[in-house]
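The chain below stands alone and is given in C-alpha coordinates; this is the form predicted alone.
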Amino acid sequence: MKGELKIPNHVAIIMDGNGRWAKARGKNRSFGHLEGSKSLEKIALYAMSRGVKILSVFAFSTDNFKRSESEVNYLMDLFINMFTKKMNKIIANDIKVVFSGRKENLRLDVLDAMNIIVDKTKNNQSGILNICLNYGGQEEIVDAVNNIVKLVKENKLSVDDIDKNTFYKYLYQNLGPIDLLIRTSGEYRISNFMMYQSSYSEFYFTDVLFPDFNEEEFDKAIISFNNRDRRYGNAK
(Lines give C-alpha, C1' and ligand atoms only; values in the text may rest on other atoms or scores of the structure.)
Protein backbone atom coordinates (compact mmCIF):
# COMPACT_ATOMS: atom_id res chain seq x y z
CA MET A 1 0.00 0.00 0.00
CA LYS A 2 2.74 2.44 0.92
CA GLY A 3 4.47 2.14 -2.42
CA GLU A 4 1.23 3.01 -4.24
CA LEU A 5 0.67 6.27 -2.44
CA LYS A 6 1.56 9.67 -3.85
CA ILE A 7 3.67 11.48 -1.28
CA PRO A 8 3.25 15.25 -1.00
CA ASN A 9 6.44 17.25 -1.54
CA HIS A 10 5.75 19.86 1.15
CA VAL A 11 3.82 18.97 4.31
CA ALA A 12 3.05 21.44 7.11
CA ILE A 13 1.85 20.61 10.62
CA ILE A 14 0.16 22.85 13.16
CA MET A 15 1.30 20.97 16.25
CA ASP A 16 -1.59 21.62 18.62
CA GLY A 17 -2.79 20.03 21.82
CA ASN A 18 0.31 19.64 24.00
CA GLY A 19 -1.25 21.46 26.95
CA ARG A 20 -4.54 19.58 26.79
CA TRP A 21 -2.67 16.27 26.49
CA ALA A 22 -0.77 17.03 29.70
CA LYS A 23 -3.85 18.29 31.55
CA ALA A 24 -5.72 15.08 30.75
CA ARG A 25 -2.92 13.21 32.52
CA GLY A 26 -2.80 15.46 35.55
CA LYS A 27 0.48 17.04 34.44
CA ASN A 28 1.44 20.65 33.81
CA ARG A 29 1.58 22.13 30.33
CA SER A 30 5.38 21.95 30.24
CA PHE A 31 5.23 18.15 30.33
CA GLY A 32 3.01 18.26 27.27
CA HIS A 33 5.46 20.48 25.40
CA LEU A 34 8.29 18.09 26.24
CA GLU A 35 6.36 15.11 24.89
CA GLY A 36 5.36 17.13 21.85
CA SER A 37 9.03 17.82 21.09
CA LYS A 38 9.65 14.07 21.08
CA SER A 39 6.77 13.57 18.66
CA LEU A 40 8.19 16.26 16.38
CA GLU A 41 11.49 14.44 15.99
CA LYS A 42 9.78 11.11 15.30
CA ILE A 43 7.38 12.57 12.76
CA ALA A 44 10.11 14.57 11.01
CA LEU A 45 12.24 11.48 10.56
CA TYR A 46 9.28 9.37 9.47
CA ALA A 47 7.97 11.96 7.01
CA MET A 48 11.35 12.18 5.31
CA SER A 49 11.63 8.38 5.19
CA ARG A 50 8.26 8.31 3.40
CA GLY A 51 9.51 10.71 0.73
CA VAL A 52 8.39 14.11 2.01
CA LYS A 53 11.02 16.66 0.96
CA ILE A 54 9.93 19.63 3.09
CA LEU A 55 8.25 19.56 6.49
CA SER A 56 7.16 22.89 7.99
CA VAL A 57 6.04 22.88 11.62
CA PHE A 58 4.40 25.57 13.74
CA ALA A 59 6.52 25.60 16.89
CA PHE A 60 5.74 29.02 18.38
CA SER A 61 3.63 31.88 17.05
CA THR A 62 4.13 35.60 17.52
CA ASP A 63 0.93 35.51 19.60
CA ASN A 64 2.29 32.80 21.91
CA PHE A 65 4.26 35.49 23.75
CA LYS A 66 0.90 36.36 25.35
CA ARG A 67 1.15 33.16 27.41
CA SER A 68 2.49 33.16 30.97
CA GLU A 69 6.12 34.14 31.43
CA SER A 70 6.91 30.76 32.98
CA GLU A 71 5.47 28.83 30.01
CA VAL A 72 7.24 31.02 27.46
CA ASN A 73 10.56 30.65 29.29
CA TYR A 74 10.11 26.89 29.49
CA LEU A 75 9.47 26.72 25.76
CA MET A 76 12.54 28.84 24.99
CA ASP A 77 14.69 26.60 27.19
CA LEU A 78 13.19 23.56 25.47
CA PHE A 79 14.04 24.98 22.06
CA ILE A 80 17.64 25.57 23.15
CA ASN A 81 17.93 22.01 24.40
CA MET A 82 16.41 20.63 21.19
CA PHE A 83 18.58 22.65 18.83
CA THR A 84 21.86 22.06 20.66
CA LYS A 85 21.49 18.54 22.10
CA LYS A 86 18.43 16.65 20.94
CA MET A 87 18.50 16.72 17.16
CA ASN A 88 21.34 14.29 16.50
CA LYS A 89 19.04 11.96 14.53
CA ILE A 90 17.93 14.87 12.36
CA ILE A 91 21.56 15.67 11.61
CA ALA A 92 22.49 12.02 11.05
CA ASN A 93 19.65 11.60 8.55
CA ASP A 94 20.97 14.39 6.32
CA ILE A 95 18.06 16.75 7.07
CA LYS A 96 18.61 20.48 6.74
CA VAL A 97 17.05 22.68 9.44
CA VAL A 98 15.88 26.21 8.64
CA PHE A 99 13.74 28.70 10.54
CA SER A 100 10.86 30.94 9.60
CA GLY A 101 9.80 33.87 11.74
CA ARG A 102 10.94 37.14 13.24
CA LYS A 103 14.07 37.42 15.35
CA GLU A 104 12.64 40.21 17.50
CA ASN A 105 11.64 39.23 21.05
CA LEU A 106 13.66 36.01 20.96
CA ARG A 107 16.36 35.65 23.62
CA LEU A 108 19.95 35.77 22.45
CA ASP A 109 20.61 32.24 23.72
CA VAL A 110 17.67 30.99 21.63
CA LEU A 111 19.04 32.76 18.54
CA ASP A 112 22.48 31.26 19.22
CA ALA A 113 20.96 27.77 19.46
CA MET A 114 19.08 28.32 16.20
CA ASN A 115 22.30 29.38 14.50
CA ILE A 116 24.07 26.26 15.78
CA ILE A 117 21.59 23.80 14.26
CA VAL A 118 21.36 25.79 11.01
CA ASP A 119 25.14 25.72 10.67
CA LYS A 120 25.40 22.02 11.52
CA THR A 121 22.85 21.06 8.88
CA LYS A 122 23.45 23.65 6.17
CA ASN A 123 24.96 21.11 3.75
CA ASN A 124 22.38 18.37 4.34
CA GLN A 125 20.35 17.47 1.27
CA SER A 126 17.87 14.67 2.02
CA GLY A 127 15.09 16.96 3.22
CA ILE A 128 14.27 20.26 4.89
CA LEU A 129 12.76 20.76 8.33
CA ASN A 130 11.37 24.30 8.46
CA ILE A 131 10.70 25.30 12.08
CA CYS A 132 8.34 28.26 12.35
CA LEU A 133 9.33 30.04 15.56
CA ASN A 134 8.05 33.49 16.53
CA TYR A 135 6.08 33.14 13.34
CA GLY A 136 2.89 34.66 11.94
CA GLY A 137 1.56 34.27 8.42
CA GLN A 138 0.28 37.82 8.11
CA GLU A 139 3.54 39.12 9.56
CA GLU A 140 5.48 37.11 6.97
CA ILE A 141 3.54 38.66 4.10
CA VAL A 142 3.99 42.17 5.54
CA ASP A 143 7.73 41.59 6.01
CA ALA A 144 8.01 40.29 2.44
CA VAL A 145 6.22 43.36 1.05
CA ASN A 146 8.42 45.69 3.10
CA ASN A 147 11.50 43.91 1.78
CA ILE A 148 10.25 44.25 -1.80
CA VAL A 149 9.47 47.96 -1.32
CA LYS A 150 12.97 48.52 0.06
CA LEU A 151 14.59 46.76 -2.90
CA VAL A 152 12.47 48.70 -5.39
CA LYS A 153 13.41 52.01 -3.75
CA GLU A 154 17.08 51.04 -3.99
CA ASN A 155 16.62 50.20 -7.69
CA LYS A 156 17.61 46.60 -6.99
CA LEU A 157 14.26 45.20 -8.06
CA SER A 158 11.57 46.12 -10.56
CA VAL A 159 7.91 45.95 -9.62
CA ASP A 160 7.32 44.21 -12.95
CA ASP A 161 9.45 41.29 -11.73
CA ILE A 162 7.00 40.43 -8.95
CA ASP A 163 4.25 37.89 -9.51
CA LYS A 164 2.62 35.22 -7.38
CA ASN A 165 5.47 32.80 -8.06
CA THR A 166 8.44 35.11 -7.54
CA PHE A 167 6.84 36.41 -4.32
CA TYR A 168 7.93 33.16 -2.63
CA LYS A 169 11.53 34.36 -2.82
CA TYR A 170 10.78 37.18 -0.38
CA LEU A 171 9.13 35.08 2.30
CA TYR A 172 11.17 33.91 5.30
CA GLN A 173 12.13 30.77 3.37
CA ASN A 174 11.64 30.07 -0.33
CA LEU A 175 10.09 26.61 0.03
CA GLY A 176 7.23 26.85 -2.41
CA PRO A 177 3.59 25.90 -1.86
CA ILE A 178 2.34 23.49 0.79
CA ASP A 179 0.69 20.38 -0.59
CA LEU A 180 -0.77 19.04 2.65
CA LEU A 181 -1.46 20.99 5.84
CA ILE A 182 -2.21 18.95 8.98
CA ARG A 183 -3.65 20.30 12.21
CA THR A 184 -3.91 18.17 15.30
CA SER A 185 -6.18 18.46 18.38
CA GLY A 186 -9.57 18.93 16.72
CA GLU A 187 -9.32 22.63 15.90
CA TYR A 188 -10.53 23.68 12.44
CA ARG A 189 -8.54 26.79 11.61
CA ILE A 190 -5.05 27.62 10.38
CA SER A 191 -4.31 30.25 13.05
CA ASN A 192 -2.24 32.62 10.92
CA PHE A 193 0.07 29.84 9.70
CA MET A 194 1.77 29.99 6.28
CA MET A 195 -1.19 31.68 4.64
CA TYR A 196 0.48 32.45 1.33
CA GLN A 197 1.99 28.99 0.96
CA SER A 198 -1.28 27.20 1.78
CA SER A 199 -3.44 28.88 -0.87
CA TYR A 200 -4.01 25.54 -2.63
CA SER A 201 -3.14 23.15 0.18
CA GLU A 202 -5.19 20.13 1.04
CA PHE A 203 -6.20 20.39 4.73
CA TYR A 204 -6.31 17.46 7.12
CA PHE A 205 -7.78 17.92 10.60
CA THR A 206 -7.55 15.28 13.30
CA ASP A 207 -8.78 15.11 16.90
CA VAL A 208 -5.50 13.47 17.94
CA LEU A 209 -3.43 15.66 20.27
CA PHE A 210 0.07 16.24 18.98
CA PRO A 211 2.00 14.13 21.56
CA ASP A 212 -0.09 11.17 20.32
CA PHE A 213 0.36 12.03 16.63
CA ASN A 214 2.53 9.08 15.59
CA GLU A 215 3.59 7.40 12.37
CA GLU A 216 0.24 5.66 11.95
CA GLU A 217 -1.62 8.96 12.29
CA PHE A 218 0.70 10.57 9.76
CA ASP A 219 -0.07 7.79 7.29
CA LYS A 220 -3.79 8.46 7.74
CA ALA A 221 -3.15 12.02 6.59
CA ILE A 222 -1.21 10.77 3.56
CA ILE A 223 -4.03 8.38 2.64
CA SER A 224 -6.53 11.22 2.92
CA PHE A 225 -4.32 13.36 0.69
CA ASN A 226 -4.36 10.62 -1.93
CA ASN A 227 -8.15 10.66 -1.96
CA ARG A 228 -8.30 14.35 -2.87
CA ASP A 229 -8.89 15.67 -6.39
CA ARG A 230 -6.49 18.60 -6.77
CA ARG A 231 -7.80 20.66 -9.71
CA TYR A 232 -6.27 24.11 -8.97
CA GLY A 233 -9.35 25.83 -10.36
CA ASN A 234 -9.67 23.62 -13.45
CA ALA A 235 -12.95 21.97 -14.35
CA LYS A 236 -13.03 18.24 -13.78
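For every residue, the number given is its place in the sequence shown, counted from 1. Not measured: the values here are computed from a predicted model.
This protein has a second form, the form predicted in complex with a small molecule, left out of what is shown; the following refers to that one.
Engineer: In the model of the complex, which of 61-69, 172-180, 43-51, 200-208 comes within 4.5 Å of the small molecule (heavy atoms)?
Structural biologist: After filtering at 4.5 Å, what remains is 61-69.
Engineer: Heavy atom within 4.5 Å of the small molecule in the model of the complex: which of 75, 117, 82, 128?
Structural biologist: Checking each option against the small molecule in the model of the complex, the one that comes within 4.5 Å is 75.
Engineer: Look up in the model of the complex whether residue 14 has a non-hydrogen atom within 4.5 angstroms of the small molecule, and give yes or no.
Structural biologist: Residue-level check for residue 14: yes, a contact with the small molecule.
Engineer: Quick check on residue 191: any heavy atom within 4.5 Å of the small molecule in the model of the complex?
Structural biologist: Output for residue 191 is yes: heavy atoms within 4.5 Å of the small molecule.
Engineer: Answer with yes or no whether residue 20 is in contact with the small molecule in the model of the complex, where contact means some heavy atom within 4.5 Å.
Structural biologist: Residue-level check for residue 20: yes, a contact with the small molecule.
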